[in-house]
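Shown next as structure tokens: one chain only, the form predicted on its own.
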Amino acid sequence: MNIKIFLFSLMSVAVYIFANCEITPVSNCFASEAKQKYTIGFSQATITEPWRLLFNKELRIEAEKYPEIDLIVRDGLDDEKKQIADVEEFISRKVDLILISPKVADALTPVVNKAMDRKIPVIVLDRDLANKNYTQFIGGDNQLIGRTAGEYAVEHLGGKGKAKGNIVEIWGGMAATPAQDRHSGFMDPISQEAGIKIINTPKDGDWKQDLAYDIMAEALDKFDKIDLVYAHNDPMAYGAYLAAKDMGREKEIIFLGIDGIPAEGVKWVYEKQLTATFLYMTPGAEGIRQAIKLLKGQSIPPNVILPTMVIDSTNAEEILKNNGLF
């Protein structure tokens, strides 16, 4: 190639680079494009429950897989006003996306509406809101879980059409959609059995072991015959078991819980303190996976329903072994 033509071509390339880089250093023009950083705000309702701690742990582990994520986590301290303030903070910081597991539906709905109005996508985890003005919901099917527990109760109280027994139901947060769904799902099969009765007045155990202990102790004082306890999570089922044990009545009662955390509910089933639990997966890891898809321009479905399963004496040991706990 003629040297003059070569030099002219080289100068043309240089002019093009400087023209397109404007005042940017030339070295930056040759560097590979840096990954965009995304700020995600996560508002957790509380961390007072083991299931919530596992939820946060799994969410953080998944987030660490994506260096482009800047994750901000806030604990609502079991207080809806604190959680509203946390979401308001995310809005003011103009985060790219909000993950929220609301304490209660009605109180948290307006602030989520506000985020959506500001064009901040919101993924709702575990507990639903009063309307569907959000980007996506991820969680278990609490109606299905409750119905599965109800069918299990019917089977262990004599079978369909023949079941008999007195049941104590211990609610989670009565204003929370999972508790409402776990109750209504449970009642689907239970209400078909004339021989089964829910004998206690509905009381809010707020997902806490100590409150469930008190509710069960009161029921034991009031009722001579209790055949089954259905608690809306494992800590409350275990609290009920401890109350019955303290009164020497634990062997006459079937205890059912929900969550299926290996080191907690599954362990209690294996030790025969609970009869069964029903898996309620945490949505933390899936929340991060869905968020990163959305932020990178991919479409995501409006709902992601996590699977469930019955955990009892037939599979508790295997689950503990698979999780390195046996």
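Model, not experiment: these values are computed from the prediction. The numbering used is simple: start at 1 and walk along the sequence shown.
Below, we turn to the form predicted in complex with a small molecule, even though it does not appear here.
By the 4.5 Å heavy atom rule, the three marked residues Arg52, Pro178 and Trp207 all count as contacting the small molecule in the predicted complex. Of the candidate stretches 89 to 97, 193 to 201, 126 to 134, 146 to 154, only 126 to 134 contains residues with a heavy atom within 4.5 Å of the small molecule in the predicted complex. Among heavy atoms of Phe42, none comes within 4.5 Å of the small molecule in the predicted complex.
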